[in-house]
Every structure is written in C-alpha cells, then in structure tokens.
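Below you will find one chain, with nothing else, as structure tokens; this is the form predicted alone, and questions on how it binds or moves follow later.
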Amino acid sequence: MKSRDEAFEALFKSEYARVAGIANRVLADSHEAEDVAQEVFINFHRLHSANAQFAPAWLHRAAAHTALNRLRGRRRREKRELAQAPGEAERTVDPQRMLEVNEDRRLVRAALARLAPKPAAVLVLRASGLSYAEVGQALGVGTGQIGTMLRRAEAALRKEVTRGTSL
C-alpha cells in the first residue's frame, strides 16, 4: 500500500497535465494555468485522500471552476482599472501585445465568463478533451445528460458572444 505522499505524487503525475490544460484552455496563459493547477492540487491534498476514486473528476471540475473564477476576477479588475483611469488605458496599450491577442478568443472568453458555472464548466471540460463520461463524472451528472447540456451550453455561449459583439 502506498503512503499518503506517494499516492498524492502518483495522482499529481497522472493528472497535472490535464488539470493545467483545462485551466489554460480557459485562461490562455500557461503561467496562470500552472498557478491554477497548483492551487487545485493543494486544495485537493488538504481536503481529500489521493486514493479517492473521485480524485480525477474532482480535479478536473476544480480546474475549470478555479480558472473561470480567475477569468471573472480579471474582467472585474480590468473594468475597475478602466473606470479609474480611462485616458491612461489608451496610452499604456502595448502594440506588440495587441497584435498577439486574438479578438475572437477574447470575445469567446468574455462570453464564457458571463455563463453560469455549470454550462461554462461543461464547455471547458469537453473542449479540454474529456470524454462525455469524464465530463459527467466531473460534474456529477449522468453521461446521457452531457450531450444535451453541451448543446444548451453552446447555444448560450453563441448568444453571449453575439451579445458581447453588439455592445
């Protein structure tokens, strides 16, 4: 039988890439995604046994929710900063950074941040390569519900993207 630390190390090695990948899919920032992955693993280690059968599902769901919360927090911070210094924002824009930013991805991420947590999570988890069964396990719903949830979430995302581009 593995010690608690050995079990956690094995879980970390087997799931870290996927957890960081889920976070990166949401944040489009590999460094911030790694921070999210570390935070998720620390929280899991503090709360649960690495031998728990639900460990991968818990980690995947936590990665999606933590990354989405960071995205929402980033949006709130940007709004506050723009409200406090509207003229300064235009002067400090880095042209190189503007070239690197893909407008479509920005719009999708902003729309994703406006979605309710469960639809946003189903989209992020599925887009991160999880199977319907893995998404269902992570969200605590039956595999048969995932297709419907995914279609509804995609429709809601399309509506939010459209709404975001018309503002």
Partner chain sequence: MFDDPDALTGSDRRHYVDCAGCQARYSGMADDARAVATLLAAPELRLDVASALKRVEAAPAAKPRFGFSLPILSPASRPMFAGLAAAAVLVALVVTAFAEILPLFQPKTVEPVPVTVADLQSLSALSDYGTLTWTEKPTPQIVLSAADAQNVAAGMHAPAVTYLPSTVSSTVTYAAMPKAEAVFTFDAAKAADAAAKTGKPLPTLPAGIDGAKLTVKVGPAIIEVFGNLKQSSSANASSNDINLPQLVIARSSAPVVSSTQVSAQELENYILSLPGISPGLASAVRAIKDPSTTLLVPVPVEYASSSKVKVKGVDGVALGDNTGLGAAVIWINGDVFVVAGSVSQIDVLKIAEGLTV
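Everything numeric in this text was worked out from a predicted model, so none of it was measured. Residue numbers count along the first chain shown, from 1.
In what follows, reference is made to the form predicted in complex with the partner chain, a form of this protein that is not presented.
In the model of the complex, the partner chain lies within 4.5 Å of some heavy atom of residue 123. Although the partner is absent here, residue 4 lies within 4.5 Å of the partner chain in the model of the complex, judged by heavy atoms. Contact between residue 114 and the partner chain in the model of the complex is not found at the 4.5 Å heavy atom cutoff. At a distance threshold of 4.5 angstroms between non-hydrogen atoms, residue 150 is in contact with the partner chain in the model of the complex. Along 146-164, these residues reach a heavy atom to within 4.5 Å of the partner chain in the model of the complex: 150, 151, 154, 155, 157, 158, 161.
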